[in-house]
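In the block that follows, a single chain appears as structure tokens, in the form predicted alone.
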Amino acid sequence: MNYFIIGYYAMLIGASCVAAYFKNRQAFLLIFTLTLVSFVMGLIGGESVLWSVTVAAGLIAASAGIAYSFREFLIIILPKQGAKTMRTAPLTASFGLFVVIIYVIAAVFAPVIAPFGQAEVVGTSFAPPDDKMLLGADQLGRDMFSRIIYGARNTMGLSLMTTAIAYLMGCVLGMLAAVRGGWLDQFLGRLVDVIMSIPSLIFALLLLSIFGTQLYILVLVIAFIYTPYVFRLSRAVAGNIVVMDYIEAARLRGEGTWHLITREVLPNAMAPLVAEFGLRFCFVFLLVAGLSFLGLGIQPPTADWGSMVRENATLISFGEITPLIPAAAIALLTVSINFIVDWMLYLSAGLKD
């Protein structure tokens, strides 16, 4: 048994004793559980497994520290109402906000941050990292770091535009169906059921194979596929609102359909719709990345995280982690947005009270 293993268990046992002394039950259970799990895993896998556990615990601790510091920063700079809301925000939500802001900064200032262009060949094929290329080169000798930065702009920008179009069409049609009712509601409801019965990825592959893979076609196809999901949500939310007394009073005043949608229904349906927007963005984002991985999404030489995974997948067989970097970028953004959406749903449900 070397000094690392002795220090590892000594640190865990000492931390659990400190947590027990200060009667922090959650911290004690977490640390002591980690001690027991580490003991079992150490017996099975030896020192290498303990190193992996140490690295994972360090990353989690660093993420928690970043989340806590960023939350305190937002509490200081935000107005009084925003600061009050952030004080009750969980660390997962503040971590998600931090990651999303970093991604947005990378997307907006991509030409400034990236040292090279997204299609610029600056080295040899699969060149290792050096002082010029932080993450090495891809299969054509392009800088991986620059392409990941530009991929944030391209993948996120396309997903955001597509989600916005899907939300615009879905919300308008859903609220129109709820307000008008009758045959229009029945027709749109049955049409949506037919579209939703087809798996999203298969439907997207079919439509893109027919109409081509131009960027505007890709946006319209994905927006068309996800509009029914937004329609069902907005129809359900608006259906609970249109039966209220103030909607009937507005009808008796002679207000038109557009006034009922924009002034009466929409303001009262914003909370669940905004939360659902983040969740729907994740689905669109993953579909765009998946289509790019299959070669029918964003086309080369435009940088895209999904196509970058496909282009560098051969490196995995040589033990290189280069293809995992864009995949990790996709996973991190998706998890972070889900953290924020969970918090927003918690707030909109009134559980904070």
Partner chain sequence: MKDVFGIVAKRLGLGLVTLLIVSIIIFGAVEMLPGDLAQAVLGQSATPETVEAMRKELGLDRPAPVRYLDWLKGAVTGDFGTSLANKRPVAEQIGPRFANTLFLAAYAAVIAVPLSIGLGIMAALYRNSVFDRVANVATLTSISSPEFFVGYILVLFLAVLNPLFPSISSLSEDMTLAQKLERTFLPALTLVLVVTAHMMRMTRAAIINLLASPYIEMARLKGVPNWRVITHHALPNAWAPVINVVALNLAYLITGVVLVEVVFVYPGIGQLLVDSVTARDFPVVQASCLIFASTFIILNLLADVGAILTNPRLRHPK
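Positions refer to the first chain, counted from 1. All values reported here derive from a predicted model rather than from experimental measurement. Here, rigid core means the biggest group of C-alpha atoms that superpose within 1.5 Å across both forms.
The discussion below concerns the form predicted together with the partner chain, not included here.
- Residue 205 is the only one of 172, 102, 205, 122 with a heavy atom lying within 4.5 Å of the partner chain in the predicted complex.
- Residue 209 is the only one of 262, 88, 186, 209 with a heavy atom lying within 4.5 Å of the partner chain in the predicted complex.
- Residues 163, 179 and 236 are none of them found to lie within 4.5 Å of the partner chain in the predicted complex, as judged by heavy atom distances.
- Partner contacts here mean any heavy atom within 4.5 Å of the partner chain in the predicted complex, and among 192-200, 142-150, 237-245, 108-116 they occur only in 192-200.
- Taking non-hydrogen atoms only, residue 298 never approaches the partner chain to within 4.5 angstroms in the predicted complex.
- Though the partner is left out of this view, residue 20 does not reach within 4.5 Å of the partner chain in the predicted complex, counting heavy atoms only.
- Taking non-hydrogen atoms only, residue 321 approaches the partner chain to within 4.5 angstroms in the predicted complex.
- Looking at residue 12, you'd find every heavy atom of it more than 4.5 angstroms from the partner chain in the predicted complex.
- Contacts to the partner chain in the predicted complex (heavy atom within 4.5 Å) from stretch 273-288: 286 only.
- With the core superposed, residue 31 shows a C-alpha displacement of at least 2 Å between the shown form and the other one.
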